[in-house]
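Next up: a single chain in structure tokens, the form predicted on its own.
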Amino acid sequence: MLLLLTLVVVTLPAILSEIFQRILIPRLIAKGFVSKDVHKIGEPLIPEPVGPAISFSFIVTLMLLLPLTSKWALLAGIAASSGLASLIGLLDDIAPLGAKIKPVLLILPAFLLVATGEIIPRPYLPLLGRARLYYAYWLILLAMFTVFSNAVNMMDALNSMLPSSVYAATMPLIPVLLVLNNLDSLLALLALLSSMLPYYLRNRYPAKVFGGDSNSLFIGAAIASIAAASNTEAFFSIALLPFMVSGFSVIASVGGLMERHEISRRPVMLEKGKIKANPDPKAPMSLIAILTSDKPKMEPEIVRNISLISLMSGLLACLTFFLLTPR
């Protein structure tokens, strides 16, 4: 049965995502839902957002799994919380919600997960093992949803930078979920990675589609849900450290939460087809700017560097669990 379920979650979401994207993309183009790829010469117009196709394929897959698992309420909670985050992102794609309102709204998906009654406030922590955080845990959970969602959102800057970094950071945690025998969270993670595959192939350089906030916020909330459901919040946080460092660098350098269109100076510039850090001392500092501060680089090279950093962070999270966490 486990082998059959695994086969389903690694194939069905990708198939559904491909079908839904093929349906959605021409309609986005026909309705004029396109965005400029500002890191390309000529700034070509790219259809956006295709996030609903990705999130819907993930949700449909989890719904189909409900009769086959004993923890159906937990899977339903993961689907509902990530789906709500995708809806919030879609609203932001259509009419920007504002940099201060969006983080508050992203707390709401956590309540849907908690409402299942399946979340146990006993996370695994490095050196300490299974902790008891019956009171502080719920505030941490709310913060985790908005931090993860916004951190993943801010990593969506270059072609395939988001999906490749998510793959690199989260795949090393698959052995952790296996050892903990948390099969429902494992199936959800595999379904998430599978649903992203057709998008990754289209979003690779040069990108043919953009996911939008409906994609990035969905992915962030899905990861937060999976982490909470498996009590591995600390290790997913370690895995997403490059995401959070990148987001914090931008927020700190601009003096607070701002939408991209509200930032007058861009952190990077385009020079003869290559990306380089903006030399203006008042320009925001981002992970891309840090990696291009010494010399301009091609977009795929930057994405490879960031994916490698994310992979190292994911491996660190995995090693931290196996070597430093009592079970």
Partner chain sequence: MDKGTLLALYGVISGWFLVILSLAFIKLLLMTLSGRRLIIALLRVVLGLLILSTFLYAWYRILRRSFLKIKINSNGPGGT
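Numbering follows the first chain given and starts at 1. Predicted model only: the values in this text are computed from it and were never measured.
This protein has a second form, the form predicted in complex with the partner chain, left out of what is shown; the following refers to that one.
For the partner chain in the model of the complex, the listed stretch (237 to 245, 209 to 217, 115 to 123, 152 to 160) containing residues with heavy atoms inside 4.5 Å is 237 to 245.
Residue contact with the partner chain in the model of the complex: residue 12 places no heavy atom within 4.5 Å of it. Taking the partner from the other structure, the partner chain in the model of the complex has a heavy atom within 4.5 Å of a heavy atom of residue 287. Contact annotation for residue 101: none of its heavy atoms lies within 4.5 Å of the partner chain in the model of the complex. Taking the partner from the other structure, the partner chain in the model of the complex has a heavy atom within 4.5 Å of a heavy atom of residue 295. Of the listed positions (26, 279, 32, 273), a single one reaches within 4.5 angstroms of the partner chain by any non-hydrogen atom in the model of the complex, namely 279. Counting a residue when any of its non-hydrogen atoms is within 4.5 Å of the partner chain in the model of the complex, the hits in 133 to 159 run 135, 136.
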